[in-house]
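Only one chain comes next, encoded as structure tokens, the form predicted alone.
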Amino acid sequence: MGSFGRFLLKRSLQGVVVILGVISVLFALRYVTPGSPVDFIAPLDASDATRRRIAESLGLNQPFYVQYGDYVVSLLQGEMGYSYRSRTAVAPRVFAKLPATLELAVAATVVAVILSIPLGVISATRRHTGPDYAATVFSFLGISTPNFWLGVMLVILFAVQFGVFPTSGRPVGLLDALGHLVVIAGPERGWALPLNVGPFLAAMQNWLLHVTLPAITLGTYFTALITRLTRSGMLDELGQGYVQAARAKGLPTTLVRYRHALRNTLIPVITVVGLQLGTLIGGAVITEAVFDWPGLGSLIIDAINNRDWPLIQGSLVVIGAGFVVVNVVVDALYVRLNPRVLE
């Protein structure tokens, strides 16, 4: 196994330890949080015997270590237990909501990257000018603006006032829209793959209209952060000796800036983008609540209101695992871009 393989194995094992720590902390929170799930499930006039039977049916009368061990074993088997309220399996419900959250996080990342990198480059190459000051002000506003307030303001302005975008919801998912593009024909047509462009474009337009405002809301802080990072990185690279040497050789300014300086600047930017993607997955809860986006956020809020701990744990474990996976992928990508890390 090469050095890269050993590095990847090490980071993967560390990720497993982190996920186990997340599971342990979440399970321990059940015992330090006031109240009991039985209080939310049992009728108000339920007797003590009824409450004991409910606790026994849910396994809540078992010692902590027994419940914890059973839960870890069930996770290893791909199960997350059953909801206290609906008595349905948690795993299908969590994974049914996961695509919507991933769509929102990726869309917010795309919005942030498209806006932030050009703004950062312009701010660095036009230092102490109007565009630089404008990008700086935008960064401060983006970092300091609460996303729940921004979401409400965007809805009032662009959805209610101008009617450009819908106020909330997600009638069609991205995978559903992509599914319209290709239709597998039957054997009588030789299993051809004709393009179904019309329904695909209609579904994509519908999806884009509904995801735009939530993506902007969730990605604004991210945009401001990457803009500042790109600006500072570009300023550092433009002052390096290799840039001065390239200019002295007569290379075009555009080539020096974008092929050499920006390329080296993007290495830490890619790392931060990957790490922030994991953060966005968990941070989408408030944005999903504002826009009634049917992702893990709405599921977690409903589970918290009902004290449905299996549903809370399952959702947060998936979010934590997603964050760890993104971190491992980013680390692997960073090593590929900068092999000197392994030296």
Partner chain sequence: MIRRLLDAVAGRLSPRTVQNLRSEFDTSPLTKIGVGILVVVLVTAVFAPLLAPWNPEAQNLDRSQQPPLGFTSAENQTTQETVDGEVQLIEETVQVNATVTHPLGTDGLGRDMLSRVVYGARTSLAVGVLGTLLAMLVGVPVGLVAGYYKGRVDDALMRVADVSLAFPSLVLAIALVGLFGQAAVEVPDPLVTTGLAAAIRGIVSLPGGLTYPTGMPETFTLPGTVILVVGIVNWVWFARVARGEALGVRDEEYVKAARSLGGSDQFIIRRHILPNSITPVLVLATIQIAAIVLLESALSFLGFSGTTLSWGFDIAQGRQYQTTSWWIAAMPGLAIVLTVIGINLVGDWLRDALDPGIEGEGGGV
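Since this is a predicted model, take the numbers as computed values, not measurements. Positions refer to the first chain, counted from 1. Take the two forms, superpose them, and find the largest set of C-alpha atoms that agree within 1.5 Å; that set is the rigid core.
The same protein also has a form predicted in complex with its partner chain, omitted here; what follows describes it.
- With respect to its partner chain in the predicted bound form, the three residues S3, V111 and V269 uniformly fall beyond 4.5 angstroms at the level of their nearest heavy atom.
- Contact annotation: its partner chain lies within 4.5 Å of heavy atoms from the stretch 139 to 147 in the predicted bound form, the single such stretch among 242 to 250, 139 to 147, 257 to 265, 98 to 106.
- Looking at Y71, you'd find every heavy atom of it more than 4.5 angstroms from its partner chain in the predicted bound form.
- For V25, a non-hydrogen atom is located within 4.5 Å of its partner chain in the predicted bound form, even though that partner is not displayed.
- Proximity of A124 to its partner chain in the predicted bound form falls outside the 4.5 Å heavy atom cutoff.
- The shortest heavy atom separation between V155 and its partner chain in the predicted bound form is within 4.5 Å.
- In the predicted bound form, the residues of 207 to 234 lying within 4.5 Å of its partner chain by at least one heavy atom are, in order, Y221, R228.
- Once both forms are fitted on their rigid core, the CA atom of I312 lies less than 2 Å apart between this form and the one not shown.
- With the core held fixed, the Cα of I281 is displaced between this form and the one not shown by 2 Å or more.
- Compared with the form shown here, the Cα atoms of G283 and V317 move at least 3 Å farther apart in the predicted bound form.
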